[in-house]
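Quick setup: one chain, the form predicted on its own, written in structure tokens, and binding and motion questions come after.
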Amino acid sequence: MTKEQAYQQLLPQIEALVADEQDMIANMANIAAALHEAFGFWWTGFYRVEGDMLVLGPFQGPIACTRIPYGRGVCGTAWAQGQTIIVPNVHEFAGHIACSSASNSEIVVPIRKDGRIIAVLDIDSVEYNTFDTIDQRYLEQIQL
């Protein structure tokens, strides 16, 4: 199965998981678990916008940074720029915050509600060059 086919199968399942649930934390937990299980990523989770910080939300994987300032690291930069960031090699990203030295590539997708960013979806891989425009296209469709 190709990566695109995996996303095509998974996204309807994610939509069904969150369709009748209003609690954002519960939805984040199920989305992170579904993505992590389907693709076997190193770290899959959310950071929630709280004032001028991103605060750790539900995730799957090893322990993570608890707070990330606006504009810092890949997550804070994606939030500040309001767009998805794909990083083939995190060690070459200026200002990368190394929550885990095992992470080598990353994708961060801003999550919007009512036109404003309320969270970011952060996924890390131990492999380099894991993420591409296929990941971006499908991950950007995820809604809480």
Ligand code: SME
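In this text the structure is predicted, and so the values were computed from the model without any measurement. The first residue of the sequence shown is number 1, and the count goes up from there.
There is another form of this protein, the form predicted together with the named molecule, and it is not shown here; the text below is about that form.
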Under a 4.5 Å heavy atom criterion, is W43 part of the interface with the named molecule in the predicted bound form? yes
Can you work out whether W79 and the named molecule are in contact in the predicted bound form, taking contact to mean some heavy atom pair no more than 4.5 Å apart? no
Is there a heavy atom of A64 no more than 4.5 Å from a heavy atom of the named molecule in the predicted bound form? yes
Looking in the predicted bound form, any heavy atom of H36 within 4.5 Å of the named molecule? no
Within 4.5 Å, heavy atoms only, which of I117, A26, I86, I97 is in contact with the named molecule in the predicted bound form? I97
For the stretch 111-135, return the residues whose heavy atoms include at least one within 4.5 Å of the named molecule in the predicted bound form, in the order they occur. D122, D124
